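In the block that follows, a single chain appears as structure tokens, in the form predicted alone.
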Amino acid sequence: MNKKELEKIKQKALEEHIPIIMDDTLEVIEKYLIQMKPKRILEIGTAVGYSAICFTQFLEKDGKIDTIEREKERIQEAKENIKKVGVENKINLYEGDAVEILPTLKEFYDVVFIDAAKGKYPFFLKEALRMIKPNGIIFADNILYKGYVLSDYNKHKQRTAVRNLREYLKEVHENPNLETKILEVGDGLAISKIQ
């Protein structure tokens, strides 16, 4: 893997205000991936491919990442970035809306990383639970959403996102098959381990 190219991708995304995984969040996830050595990872929300590229370092030898992105220009940039770093044989990019693509997937995954439309997190969770392997882990990034989720914040524009993120948290906490912890890294990270 070309680390120099990866650093360039990160800098460019930050300069262009493209939301990519934050360093402290990545650090936490990497610790889990090092221990797990996953064979299959599903990522919902590719953006420019940065997190998927980072995760490839921790895959089992012939492991694969499936990632989903719906924005045309992000897809193009992600493809270029994945090639630049030299991990195109490890990442499979699905182009389109995760809400339509997820129900068609028949794979099973060791890890699911949710980092897409906040209003869709409960749906993503339902699909993730269908495809996650025993002892797998579901990570949900930005789960605290600037602190709104745990406050009594109710600004109209974010109301749906906040309501759905709260719904996600309620579901992962009440599901007897999951052991969930919430970390205040980045914009909040929910880690749900399958029992």
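Start at 1 with the first residue shown and count on from there. Here the structure is a predicted model, which means the values were calculated and not measured.
What comes next is about the form predicted in complex with a small molecule, which does not appear here.
Contact annotation for the candidate site: Arg70, Phe113 and Ala117 all lie close to the small molecule in the predicted bound form (heavy atom within 4.5 Å). Just one listed stretch, out of 31 to 39, 144 to 152, 161 to 169, 50 to 58, contacts the small molecule in the predicted bound form at the 4.5 Å heavy atom level, and that stretch is 50 to 58. Note on contacts: among Asp97, Glu88, Glu107, Glu80, the single residue with a heavy atom within 4.5 Å of the small molecule in the predicted bound form is Asp97. Proximity of Lys84 to the small molecule in the predicted bound form falls outside the 4.5 Å heavy atom cutoff.
Within this chain, Ile20 lines the site of the small molecule in the predicted bound form, having a heavy atom no more than 4.5 Å away.
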